[in-house]
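Just the one chain here, the form predicted on its own, laid out as structure tokens.
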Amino acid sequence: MTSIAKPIATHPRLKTNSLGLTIRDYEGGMSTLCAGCGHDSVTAAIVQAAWELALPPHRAAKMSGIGCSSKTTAYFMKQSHGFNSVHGRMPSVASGAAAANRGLNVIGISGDGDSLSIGLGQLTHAIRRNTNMLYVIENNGVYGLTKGQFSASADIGSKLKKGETNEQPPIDPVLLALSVGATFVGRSFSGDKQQLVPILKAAISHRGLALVDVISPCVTFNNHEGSTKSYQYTRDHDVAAVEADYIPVCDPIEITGLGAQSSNGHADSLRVVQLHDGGTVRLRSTSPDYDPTDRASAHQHISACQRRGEIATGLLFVDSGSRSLHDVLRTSSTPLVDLRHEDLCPGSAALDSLMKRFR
């Protein structure tokens, strides 16, 4: 994928992370998407999250399928390797990369067309396997590369720019993910970087598949009155389920209370969820009935928001005690590329013994 080159000049006093890298080191090529595209805001959030986490760029693998979303991988972490797979097949490629090298930070970028239509089966099996990866769906409700037809995430009653109204029920990726056993589910809005960046940081640090659905308006085909995936509609109907903040384990921060009084006079309940790598996610519920560690509660909340025409955002569900793909398959702790030939090819006797199990 080719892109316009960015100037390499940086300010000498630009802040660096623990690796000595500036945020510019996590950028990629110049975007060729439409001006104002929500996907570029998602890119900026990924850049910010990766820089704050001090991810080693050479240890990241960027994966995508086909669609406007697939271009995103060219726009962040220019030192990292990326791969554009066949339409809808990104999860398989990402799963293979993760299984072969558990030291990689796999970042998969997809779209509502790439994941909820042709790639629906791929997505559900990646969730079922709990592949170690961040899975971002840039959700705009249309097929932007083929002139804005409705996608599988378009809401009933949503209108196209030319006036056509969608009459088919949508697939909600967060409800789907909860239903098939996802261990980390979040949703945000490309126009809300303050919410999106902490969610991405927590998702990257999660051991297993972390699905983050991002409402990312298409300014060319789906940002008009009547669209339920426009900037204005999302801002007007955004309901944050929790106030989330990611705290790396190295920070000496202690929680001593349950939080301050909220604007409605009720004390916000604070839950601290320990992640597998030792990091912590703080969750402050906006409703006393909402529990972000309870799958049924999360499903009920999201469904209730849907019935009211609202969009539930925030870290909607997290299971910090799940088994990942590596735990289930007992994959090698050493990347396959670094294993000796003797380890990879144990000889004909070992093969004969293995084959007897299948006879």
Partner chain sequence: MNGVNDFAFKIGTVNGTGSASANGLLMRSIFRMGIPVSGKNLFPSNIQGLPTWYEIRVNGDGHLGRAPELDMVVALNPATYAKDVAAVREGGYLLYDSSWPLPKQLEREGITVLGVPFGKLCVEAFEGDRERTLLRNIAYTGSLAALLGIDMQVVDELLNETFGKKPKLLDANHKAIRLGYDAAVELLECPLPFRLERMDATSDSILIDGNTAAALGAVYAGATVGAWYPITPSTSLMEAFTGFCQKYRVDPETNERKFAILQAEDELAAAGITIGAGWAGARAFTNTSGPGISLMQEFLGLAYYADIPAVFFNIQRCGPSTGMPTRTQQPDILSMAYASHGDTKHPILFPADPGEAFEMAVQAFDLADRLQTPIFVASDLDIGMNDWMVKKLEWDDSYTPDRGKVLTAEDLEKLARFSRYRDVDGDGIAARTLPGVGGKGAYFVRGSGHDMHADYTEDSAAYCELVDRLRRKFAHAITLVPEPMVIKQEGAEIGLITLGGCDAAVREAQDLLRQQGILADVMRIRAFPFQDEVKEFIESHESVYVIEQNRDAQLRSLLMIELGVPRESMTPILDYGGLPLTARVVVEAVAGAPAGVPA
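Whichever C-alpha set is largest while still superposing within 1.5 Å between the two forms counts as the rigid core. As the structure is a prediction and not an experimental result, all values here were calculated from the model. Positions refer to the first chain, counted from 1.
Missing here is the form predicted in complex with the partner chain; even so, the following discussion is about that form.
Residue 336, heavy atom within 4.5 angstroms of the partner chain in the model of the complex: Yes, residue 336 sits close enough to the partner chain in the model of the complex that at least one of its heavy atoms falls within 4.5 Å.
Quick check on residue 296: any heavy atom within 4.5 Å of the partner chain in the model of the complex? Although the partner chain is absent here, residue 296 would stay clear of it in the model of the complex, with no heavy atoms inside 4.5 Å.
In the model of the complex, does residue 169 have a heavy atom within 4.5 Å of the partner chain? The answer is no: residue 169 has no heavy atom within 4.5 Å of the partner chain.
Please run the contact check for residue 332 against the partner chain in the model of the complex: heavy atoms, 4.5 angstroms, yes or no? Within the cut-off, so yes.
The single option of 152, 160, 178, 104 touching the partner chain in the model of the complex, heavy atom within 4.5 Å: The residue from 152, 160, 178, 104 that makes the contact is 104.
From the list 280, 234, 85, 223, which entry has a heavy atom within 4.5 Å of the partner chain in the model of the complex? That would be 85.
Is it the case that 73, 344 and 354 all touch the partner chain in the model of the complex, with a non-hydrogen atom of each within 4.5 angstroms? Affirmative, all three are within 4.5 Å.
Which of 315-323, 59-67, 302-310, 39-47 has heavy atoms within 4.5 Å of the partner chain in the model of the complex? Only one stretch passes the 4.5 Å heavy-atom test: 59-67.
For the heavy atom contacts within 4.5 Å of the partner chain in the model of the complex, list the residues of 113-142 involved, in sequence order. Sequence-ordered list: 121, 122, 125, 129.
Answer yes if the Cα of residue 19 shifts by 2 angstroms or more between the shown form and the other one on a rigid-core superposition, and no otherwise. No, shifts by less than 2 Å.
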